[in-house]
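Take a look at this one chain, the form predicted alone, written out in structure tokens.
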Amino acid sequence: MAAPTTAQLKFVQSLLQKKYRSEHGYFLVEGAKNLQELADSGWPVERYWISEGFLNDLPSARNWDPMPEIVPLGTLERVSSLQNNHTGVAVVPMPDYGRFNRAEGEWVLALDQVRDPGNLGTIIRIADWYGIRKIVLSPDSVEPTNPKVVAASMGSFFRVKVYEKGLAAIFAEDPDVVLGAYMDGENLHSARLPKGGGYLLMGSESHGISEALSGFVTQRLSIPRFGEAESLNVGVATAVILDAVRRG
């Protein structure tokens, strides 16, 4: 076990901040589940730092590429966004998905002003569950490579492409079907939903869908409420509507 150099430590620590992730072109992956998903994904990896205990629990990690470096637990705690990280971190290059396009018949999830990293990570995981392979995220949302987003995705980050794009421009180019989630929309339980693909547009819990995007919505949907809660978490609402879309 060898302690990383001061320069290595400073570099990995810097990736906890958006400014340096953008500057260096790398981000962090943390925690046992995400590290295993990363190793299986074929995504390029700059380096793995893992604990001796994690390697003892998962000897197959010796076969990862590149081979993990064993570092002290204190090092992992210094470079991690997690409250307790006894497993490891990986440094990986930012994704480059190229130009966004929606294939014929494909459903794409569009997110407007989703700023909570836990919510975005959960939505990426939900998208993965329902076979949604692309998300378009408004630029005023949380950064998708925020460590808390990646951690909350539980490995789904490596299967779902997240594009940061101006949603109005995308809808203007591809205006076919845009389902929008609203408090006063058509009852989801009785609505006739299209089968040929399109976009599901979800807004933030605080502000909903931006007025600038409302004109692109071809069908406004609402999840019927039976109790007294004021609103649903955006991740929960996304799952409910995606389930209806997939069954529709």
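Bear in mind the structure is a predicted one, so any value in this text is a computation, not a measurement. All residue numbers are counted from 1 along the displayed sequence.
The same protein has a further form, the form predicted together with a further copy of the same chain, not shown here; the description that follows concerns it.
- This chain appears without its partner; in the predicted complex, the one residue of T87, Q113, T122, T75 with a heavy atom within 4.5 Å of a further copy of the same chain is T122.
- The three residues W129, R159 and L232 all sit with a heavy atom within 4.5 Å of a further copy of the same chain in the predicted complex.
- Within 4.5 Å of some heavy atom of a further copy of the same chain in the predicted complex lies at least one heavy atom of M183.
- Interface residue remark: K195 is not counted as part of the site for a further copy of the same chain in the predicted complex, having no heavy atom within 4.5 Å.
- For R62, no non-hydrogen atom is located within 4.5 Å of a further copy of the same chain in the predicted complex, even though that partner is not displayed.
- The closest non-hydrogen atom of H207 lies beyond 4.5 Å of a further copy of the same chain in the predicted complex.
- Look at 45-53, 208-216, 63-71, 187-195: in the predicted complex, residues with non-hydrogen atoms within 4.5 angstroms of a further copy of the same chain sit in 187-195.
- Taking a further copy of the same chain as it sits in the predicted complex, the stretch 216-248 comes within 4.5 angstroms of it through a non-hydrogen atom at I223, P224, R225, F226, G227, E228, A229, E230, S231, L232, N233, V236, A239, V240, D243, A244, R246, R247.
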